[in-house]
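Shown next as structure tokens: one chain only, the form predicted on its own.
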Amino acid sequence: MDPKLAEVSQLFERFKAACAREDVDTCCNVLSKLKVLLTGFSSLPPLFEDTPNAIHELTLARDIYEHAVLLSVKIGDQDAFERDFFQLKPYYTDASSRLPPSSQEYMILGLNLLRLLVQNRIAEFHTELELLSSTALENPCIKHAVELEQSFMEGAYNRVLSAKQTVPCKTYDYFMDLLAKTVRDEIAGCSEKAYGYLSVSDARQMLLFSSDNELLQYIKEEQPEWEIKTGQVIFQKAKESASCKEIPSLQLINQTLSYARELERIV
């Protein structure tokens, strides 16, 4: 075996061993070294040179970047996820005809869709969907993300939160928890605008918590401006703290008329 290829393979085994024992610091350090070593292979993107070990090198690099994506989920680093996913993506597209299918591909593509949904990047979500094959769209990992997006857009928040019980794999839990927080923050923002107060029971049901303790913990951590008094959640303090600015209507009318006069002169 080529010495460089053997070195990367041995280092990758160390990386996987560190992942297995959940030694995150070692994983991150070894991963950085692996990425540097991969730059020495001309068979990898963007060159794709046809070297004697090209298939082996491409397969090994794809495995490394797949593990890098999953590590970023484990440590909760969305920026690292995005970087590693875009480094991995050419192996699923440009190199797909040269490599055997990866068992991790649809799971990781589904994770990326979830990330875009959590970050409210809906246009990019649909762009990624357009790039997927009909076979990919039928995969449970992809269908789960698509159904979530539909529920989110419809405002069916109860379906979004209950979807965590049917995730296709445990790795999805990280993004599902973030999505649940996004949904509850959206409901909370609407609630404090629509109501002066709610009973604890009504607030718990509206925010889709299963117990009063979960609601109280959420208020303590995420909505400290809300008050709990005599079994009621009071939003008035939050309303008072929100700054309201008057719209300078007269100024806007004058500006509009001025633009109209200037336009008439030009014509």
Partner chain sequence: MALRRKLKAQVLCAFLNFALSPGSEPHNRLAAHLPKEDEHEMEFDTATSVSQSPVKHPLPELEIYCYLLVLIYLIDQKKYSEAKACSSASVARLKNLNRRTVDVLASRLYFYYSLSYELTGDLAEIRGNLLALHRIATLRHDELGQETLLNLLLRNYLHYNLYDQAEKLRSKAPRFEAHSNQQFCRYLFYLGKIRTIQLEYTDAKESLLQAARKAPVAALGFRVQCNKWAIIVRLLLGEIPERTVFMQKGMENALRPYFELTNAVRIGDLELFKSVAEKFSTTFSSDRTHNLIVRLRHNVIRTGLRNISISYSRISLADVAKKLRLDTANPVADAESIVAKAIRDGAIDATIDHANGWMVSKETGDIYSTNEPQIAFNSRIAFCLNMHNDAVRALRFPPNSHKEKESAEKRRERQQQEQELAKHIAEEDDDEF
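Residue numbers count along the first chain shown, from 1. If you superpose the two forms and keep the largest set of C-alpha atoms that fall within 1.5 Å, you have the rigid core. Note that the structure is a prediction, hence the values are computed from the model and not measured.
A second form of this protein, the form predicted in complex with the partner chain, is not displayed here; the remarks below concern that form.
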property	result
Residue 157, heavy atom within 4.5 angstroms of the partner chain in the predicted complex	yes
Residue contact check: residue 214 to the partner chain in the predicted complex, 4.5 Å heavy atom	no
Partner contact for residue 255 in the predicted complex: the partner chain, 4.5 angstroms, heavy atom	yes
Touches the partner chain in the predicted complex: residue 181 (any heavy atom, 4.5 Å)	no
In the predicted complex, segment of 69 to 77, 167 to 175, 102 to 110, 120 to 128 with a heavy atom within 4.5 Å of the partner chain	120 to 128
Non-hydrogen atom within 4.5 angstroms of the partner chain in the predicted complex for each of 12, 19 and 24	no
The partner chain in the predicted complex - contacting residues of 172 to 192, heavy atom within 4.5 Å	186, 189, 190
Large Cα move at residue 55 between the shown form and the other one, threshold 2 Å, rigid core	no
Displaced residue check between the shown form and the other one: residue 255, CA, 2 Å or over, core reference	yes
C-alpha of residue 198 moved at least 2 Å between the shown form and the other one on rigid core	yes
Closer or farther: C-alpha pair residue 195/residue 151 in the predicted complex, relative to this form, given a change of 3 Å or more	closer
Note on residue 223-residue 174 C-alpha separation in the predicted complex, which departs from the shown form by 3 angstroms or more	farther
